[in-house]
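The chain below stands alone, shown as structure tokens; this is the form predicted alone.
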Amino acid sequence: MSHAKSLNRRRFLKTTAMGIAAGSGLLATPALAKARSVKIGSYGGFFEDSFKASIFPEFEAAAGIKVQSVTQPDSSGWLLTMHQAIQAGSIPTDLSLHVPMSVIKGDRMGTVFENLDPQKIPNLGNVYSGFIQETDEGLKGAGAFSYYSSLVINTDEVDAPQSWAELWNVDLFEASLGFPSELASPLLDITAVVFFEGPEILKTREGIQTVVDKIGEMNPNIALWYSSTSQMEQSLKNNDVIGGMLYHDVAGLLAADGLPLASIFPKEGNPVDFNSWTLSRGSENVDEAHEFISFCCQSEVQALLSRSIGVAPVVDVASTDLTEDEISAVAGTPSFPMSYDILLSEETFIDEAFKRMRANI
């Protein structure tokens, strides 16, 4: 994620605090404001530190609601922790961050998330519909921020590809690429978009296998199936790999540190992913949780998230005050969403197919 950048607190509060309070019903008597609080989960380390330094203080000043920060691990692990805690009668957070697949899983479990009330999130209309997760029962997730998986290349070693398809060229990339190994890797969607006109082919197991077989044709070019971003970073620095897939913002940071690395949005686009704010079942701070979500849906706050954490907005970037350089550091075009429902409904089948493919079976 990007390094935190300073924000003129006085200017920010002057332009947003009173507007937020008035527009969201946050004005309250001093005695009531002091009593209000909300527990918010965010990923640990730099990520949580940035929220605590840049986002939570602005919300507290604007809303008069005290934030208790809770460290959460990756979305999948946190979903299980939440389920177990709630079943035991404990509510670990009021709000948590979850990737789309975890929101879907949690919704199907029926024991983790409460429905969100759009009427209590007046700024929700700012968020692109693709970052809103609804079910037949109601609103389950409101987009918090987005991020891109990008085609990256060492510019000292090879010319920038115009298409993802070029990474299948053995003459250029034999044993020199790195891709993530996890089940939800965007590689399945990328291959479907590049070679099969989109994700429609993924709706059957036969189609999924066809796409995985196509990925297998690139296997001779893959030197690293990485399980953590740090593995890919180190391999790029050591020149063990000269390209592949990496988060767009991380690639930008490596390039800023002097690595001859380019993050490319090829003609087919890059996959975009996102995290949502979710409300824990049994939360006793429902109103405060909704007010925080509405706060985060503002263009000013989305810009602050980009500057302090390095994530892309879930609102129209033109509505923010981000500069062109700041936008290009976290976002790009064209892009396309991932097939979350398919990845989840066929999780075991896809996992086994990928394992066979990576093992060249």
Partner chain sequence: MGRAEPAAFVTRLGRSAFVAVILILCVTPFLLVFAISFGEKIEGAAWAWGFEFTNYKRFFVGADYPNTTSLLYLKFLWFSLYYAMFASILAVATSFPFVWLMTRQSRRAQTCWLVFFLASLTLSEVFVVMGWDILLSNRSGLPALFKEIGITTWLKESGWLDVLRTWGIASPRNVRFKPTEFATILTMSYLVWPYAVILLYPPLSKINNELIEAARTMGAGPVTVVRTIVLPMVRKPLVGTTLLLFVFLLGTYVTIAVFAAPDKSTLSISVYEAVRGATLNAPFGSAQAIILLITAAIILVLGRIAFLPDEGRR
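This one's a predicted model, so the numbers in the text were calculated from it and none came from an experiment. Positions refer to the first chain, counted from 1.
Missing here is the form predicted in complex with the partner chain; even so, the following discussion is about that form.
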Seminar exercise, completed: Exactly one of Ser163, Thr81, Thr135, Thr155 comes within 4.5 Å of the partner chain in the model of the complex through a heavy atom, and that residue is Thr81
Exercise. Among the candidate residues Asn270, Gln72, Thr191, Ser176, which is the single one with a non-hydrogen atom no more than 4.5 Å from the partner chain in the model of the complex?
Worked result: Ser176
For this session: Please state whether all three residues Asp171, Ile222 and Asn360 have a non-hydrogen atom within 4.5 angstroms of the partner chain in the model of the complex.
Result: yes
Seminar exercise, completed: Counting only non-hydrogen atoms, the one stretch of 239-247, 114-122, 278-286, 127-135 within 4.5 angstroms of the partner chain in the model of the complex is 239-247
Exercise. Heavy atom to heavy atom, is Thr210 within 4.5 Å of the partner chain in the model of the complex?
Worked result: no
For this session: May I ask you to state whether Leu259 is within 4.5 Å of the partner chain in the model of the complex, using heavy atom distances?
Result: yes
For this session: Classify Glu182 as contacting or not contacting the partner chain in the model of the complex by the rule of any non-hydrogen atom within 4.5 angstroms, answering yes or no.
Result: yes
Exercise. In the model of the complex, does Lys203 have a heavy atom within 4.5 Å of the partner chain?
Worked result: no
Exercise. Can you tell me which residues in 334-357 come within 4.5 angstroms of the partner chain in the model of the complex, by heavy atoms?
Worked result: Leu344, Ser345, Glu346, Glu347, Thr348, Phe349, Asp351, Glu352, Lys355, Arg356
